[in-house]
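As a starting point, one isolated chain is supplied in structure tokens, in the form predicted on its own.
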């Protein structure tokens, strides 16, 4: 077993306390991944999203009924600070473009891709891999529906890690639901933690 898997929680928090994690998208993947990262000791996040919380989001996203109508980035910041009031969250209420990605996430150690839209996913992954070759990206692809736990896994392609089944696209007959979305979001957080504890940077 590698040494990075044998570590007290205090050591883990000390080792990752200065790391900066970017979250691109604050929906089902982004909100749940961010919460998991703060719970393990990440205290600096940069989050971006342009959307508002809708009641239909509550079946899978880390928000609450009294937050419906609020901007996701600001509600997520509040929720993260409710877990750890010492967390520092830079929240950007914007639709990301390639230029904004380069500007906002330039100081991140790892960037989590958590968009819903396939074209947006492609845009951020290609932007980071092409223009920020020193950055690692953890993406979530293939999380729709329910069941079939054994189909969910992590694959690595150079600086890109993909969590999910890499197949099941979201549609009306195959909706995103809390169990599989949560599994993939927590796999993303777990992959981020593994990267950081291996001291790659």
Partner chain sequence: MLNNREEDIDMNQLTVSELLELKKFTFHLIITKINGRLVKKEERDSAIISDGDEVIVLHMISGG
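Model, not experiment: these values are computed from the prediction. Numbering follows the first chain given and starts at 1.
Beyond the structure shown, there is the form predicted together with its partner chain, which is absent from this document and is the topic of what follows.
S.K.: Given its partner chain in the predicted complex, answer whether the residues 118, 141 and 167 all have a heavy atom inside 4.5 Å of it.
M.R.: The answer is yes: all three residues contact the partner (heavy atom, 4.5 Å cut-off).
S.K.: Have a look at 52, 58, 160, 40 for me and say which one sits with a heavy atom within 4.5 Å of its partner chain in the predicted complex.
M.R.: Comparing distances to its partner chain in the predicted complex, the residue within 4.5 Å is 160.
S.K.: Out of 104, 96, 125, 91, which one falls within 4.5 Å of its partner chain in the predicted complex, going by heavy atoms?
M.R.: Exactly one residue meets the criterion: 125.
S.K.: Could you tell me if residue 156 has a non-hydrogen atom within 4.5 Å of its partner chain in the predicted complex?
M.R.: Taking the distances in the predicted complex, the answer for residue 156 is yes, it comes within 4.5 Å of its partner chain.
S.K.: Can you work out whether residue 87 and its partner chain are in contact in the predicted complex, taking contact to mean some heavy atom pair no more than 4.5 Å apart?
M.R.: So residue 87 does not count as contacting its partner chain.
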